[in-house]
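Okay, so here's just one chain, in structure tokens, the form predicted on its own.
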């Protein structure tokens, strides 16, 4: 654990955010920390986690972990629950991308994306839900992508993984509702992150098409996805479960 404060408490609600050291995950961690939650950031890079924890405040803690090491996840969840006394919120944000023609994608590449973006999400959710169920409830937010709603070329593994996450969201929402665990999903559209900026800036014609069909005529901000997460895990959304919420500036209905 990358410890950024000695002020551990079991009284505040605790949120676990995967991929929390950059991009959308960091924005989510920053917003939930501002909302008063204790935030546990999970990522591969210890140095990035330390920096993210410094930026999000004294009540943030980093846990370096490889989410594709499935056998290690139950112990990771138990360690977090033991140290912090509770897990109220899980935000499954970590993921990888692969842009490659479908006919050239290898079995190994495809399985790596599915393992990272979907299988690890299920295992981490299953283990965390056990803790939540015993405590009387909780909230799970999966981060999908509007790529699962479109017929985008060159992203077959990524689109398949995110489609699976959305199906899993609906099934788990029904199965976990008796335990007072809500499961929802956010599908960001084109959000301005380092990764998306690099991709769109290197392909001006694609960027032009993206903006042309987005009624709000701009890319989204990571903080706008974080605002949606903040709402869905709050009491204001206490009767909402099993939804997939687009945060896309209207891109999905633009023409």
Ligand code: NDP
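The model shown is predicted, which means the values in this text are computed figures rather than measured ones. Residue numbers count along the first chain shown, from 1.
One more form of this protein should be noted, the form predicted together with the named molecule, which is absent from this view; the next part is about it.
Site test, 44, 116 and 191 vs the named molecule in the predicted complex, non-hydrogen atom cutoff 4.5 Å: Yes: 44, 116 and 191 each sit within 4.5 Å of the named molecule in the predicted complex.
Which residue, 177, 105, 96, 133, has a heavy atom that falls within 4.5 Å of the named molecule in the predicted complex? Among 177, 105, 96, 133, a heavy atom within 4.5 Å of the named molecule in the predicted complex occurs only for 96.
Which residue, 50, 66, 227, 35, is the contact with the named molecule in the predicted complex, using a 4.5 Å heavy atom cutoff? Among 50, 66, 227, 35, a heavy atom within 4.5 Å of the named molecule in the predicted complex occurs only for 66.
Check residue 196 for me: does it contact the named molecule in the predicted complex (non-hydrogen atoms, 4.5 angstroms)? Heavy-atom contact with the named molecule at 4.5 Å: present for residue 196.
I'd like to know whether residue 22 contacts the named molecule in the predicted complex, with contact meaning heavy atoms within 4.5 angstroms. Contact check for residue 22: yes, within 4.5 Å of the named molecule in the predicted complex.
Contact with the named molecule in the predicted complex for residue 145, defined as at least one heavy atom pair within 4.5 Å: yes or no? Heavy-atom contact with the named molecule at 4.5 Å: present for residue 145.
Okay, which stretch from 169 to 177, 156 to 164, 122 to 130, 79 to 87 lines the named molecule in the predicted complex, with non-hydrogen atoms inside 4.5 Å? Selected range: 156 to 164.
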